[in-house]
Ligand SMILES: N[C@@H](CCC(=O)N[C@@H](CS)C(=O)NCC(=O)O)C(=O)O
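Below, in structure tokens: the form predicted alone, a single chain.
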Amino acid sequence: MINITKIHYFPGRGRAESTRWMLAINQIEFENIPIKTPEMLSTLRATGKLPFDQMPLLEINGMCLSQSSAMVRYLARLGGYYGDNNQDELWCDMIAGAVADFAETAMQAAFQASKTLAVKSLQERFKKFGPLFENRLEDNGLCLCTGKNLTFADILLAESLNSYLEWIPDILNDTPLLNTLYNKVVNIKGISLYLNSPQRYPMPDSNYVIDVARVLQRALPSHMLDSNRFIQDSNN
């Protein structure tokens, strides 16, 4: 029996979102534990639960897991989403690495000075990676990243595409296989339930950017007013 699963992270999607999608595909119920203040982060650190003093933290099956890629792979193995053979596993890992580079632009979009700049950076990134992912789906067939069955590579790719679509709704118009894969994944029961649940945080905006800066006590992007508001005076 799986114990209560918890994700400790800023009150937003960020680097915890891929883990949430993997929990969803496994139909594992979980609780978001939002870290909203520096004091809450200090309290979490004092528990000794952060293996590398970093969030997100996933508490599952009596374990405290760090590093999003490790969490995703653990959940992939748990649910049988790591392919059917060594070649599938290799493709899963390669695609996951490419998706990490692809998704980074989407995760940084809310930190851009304007929507125009955010959209431009996303379009440029998609222009590089979109056709490559499309070719991979064509080469493998079945509108899957590898093998004959759904893998965590498909989940990660769909999750990253979701972020792009929120900024640019028509971005998949010229990549029909990516569009098919995306719709296939988001309509899977566990994923669909999560995406339509109150557990899912909204699209990241300036409030998320401020929340992250507040917790980490770091500077906000320079285009924001009072960008140093959360930096403590070292003389105090």
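Model, not experiment: these values are computed from the prediction. All residue numbers refer to positions in the sequence shown, first residue = 1.
Missing here is the form predicted together with the named molecule; even so, the following discussion is about that form.
Engineer: Judged by heavy atoms and a 4.5 Å cut-off, are Tyr9, Arg15 and Leu216 together in contact with the named molecule in the model of the complex?
Structural biologist: Yes, because Tyr9, Arg15 and Leu216 each have a heavy atom that approaches the named molecule to within 4.5 Å in the model of the complex.
Engineer: Name the stretch: of 31-39, 167-175, 190-198, 66-74, exactly one has residues whose heavy atoms fall within 4.5 Å of the named molecule in the model of the complex.
Structural biologist: That would be 66-74.
Engineer: Looking at Gln27, Asn207, Gln54, Asn183, which has any heavy atom no more than 4.5 Å from the named molecule in the model of the complex?
Structural biologist: After the contact test, the surviving option is Gln54.
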